[in-house]
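Encoded as structure tokens, the following chain is the form predicted on its own, with no partner shown.
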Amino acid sequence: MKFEFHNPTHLIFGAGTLSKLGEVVRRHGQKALIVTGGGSVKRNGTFDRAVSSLKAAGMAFAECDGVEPNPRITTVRRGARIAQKEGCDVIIALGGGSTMDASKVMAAAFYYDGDPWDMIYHGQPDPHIPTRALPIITVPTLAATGSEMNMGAVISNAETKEKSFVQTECLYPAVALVDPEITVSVPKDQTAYGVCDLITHVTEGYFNGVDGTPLQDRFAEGVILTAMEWGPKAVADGNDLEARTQVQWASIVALNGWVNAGTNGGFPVHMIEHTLSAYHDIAHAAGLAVVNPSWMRFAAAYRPEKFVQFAGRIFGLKAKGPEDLDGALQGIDRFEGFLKSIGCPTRLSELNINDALITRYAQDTLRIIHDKEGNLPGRPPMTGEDIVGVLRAAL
């Protein structure tokens, strides 16, 4: 196992920390662009609290609202233009993962004369990798993506029906100001999706990573168990601040680079889901809840020992041996049952997706990302037929 780990984001975590926003932002600029989503932050008062903190610190600001749940490149372009026109020198991402992802690409697009879509890897031979961005302050209003403390962003193109990513050093937020108190108004379904999202971030590396990572396995299992303990409590009672706090921290740890350090895992479940949500504009984690168990059943046949370990350590199931496929499948069934229990869909039909375009989904997924043999990276690498099989099994 060989790896490098670096995360420069300054994390400020805890209930009530939103009040510090103004003093934090003032260290990084003089005029902020506040990026928000569909309007919930204004309805629940979070926006007003953020603005009050900015005004108290003497900060000027402009606004870019309306970021979509699957953030679109058109919105990124609009936000970058606003930042340039208004002379903003720092960006505040006040919202969920979509708002944070859009803000990251806006921050880089501020300095780029070309089309920001050039930055999003979608199979083009020479993507533009940004090296400079405005400082970004992330203020997550939802525990899910972990985008507040990593260097990745996922953006959709509605015209081409593509959804893909950019990942580069300059997109690390300068500060993640994480206040679990502002997540208490998140609806039950979105809370459940967030729990699924953070667990999927962990299982991608856990099942697709290299061998010989026992410490990382334990880190991953700890995140999963924490999410499964506190997630249902947050779904059942949105005002349970302790549950919100534990889920929020689990979300950050799941994708800030620490749990997956050295695993070098692929993200096949995410890549397949990106294609589904590019076509159908479904909630990202709702798609993950459907694809992940189906993919796990496919992958378990090739590597049962890791799924046996998962079944034993997460659900306490006893296997007949390290290659007991039936025992592995029982663990996957239990995991799918957990997702159902918190209100996540587990079938494509629940998302109003049928088999009409399944072959197209596989083709588009492989066009965007593939290894030297033309397969989707993961353990095992997936052919187009494999992707079709996973999706058919999820109908």
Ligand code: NZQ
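So that there is no doubt, residue numbering starts at 1 and follows the sequence shown. All figures in this text were calculated on a predicted structure; none of them were measured in a lab.
A second form of this protein, the form predicted in complex with this ligand, is not displayed here; the remarks below concern that form.
Listed range touching this ligand, judged in the predicted complex by heavy atoms within 4.5 Å, from 117 to 125, 317 to 325, 130 to 138, 181 to 189: Within 4.5 Å of the partner lies stretch 181 to 189.
Contact flag, residue 270 vs this ligand in the predicted complex, heavy atom cut 4.5 Å: Yes - in the predicted complex, heavy atoms of residue 270 and this ligand come within 4.5 Å of each other.
4.5 Å heavy atom contact, residue 145 and this ligand in the predicted complex: Yes, residue 145 sits close enough to this ligand in the predicted complex that at least one of its heavy atoms falls within 4.5 Å.
Distance check, residue 330 to this ligand in the predicted complex, heavy atom within 4.5 Å: Answer no; every heavy atom of residue 330 is more than 4.5 Å from this ligand in the predicted complex.
In the predicted complex, residue 44 touching this ligand (heavy atom, 4.5 Å): Although this ligand is absent here, residue 44 would touch it in the predicted complex, with heavy atoms inside 4.5 Å.
Heavy atom distance at most 4.5 Å to this ligand in the predicted complex, all of 221, 293 and 297: No, none of 221, 293 and 297 comes within 4.5 Å of this ligand in the predicted complex.
Candidate from 73, 88, 108, 153 lying within 4.5 Å of this ligand in the predicted complex - any heavy atom: Partner contact (heavy atom, 4.5 Å) among the options: 153.
Neighbours of this ligand in the predicted complex among 29 to 44 [non-hydrogen atom within 4.5 angstroms]: The stretch touches the partner through 37, 38, 39, 40, 43, 44.
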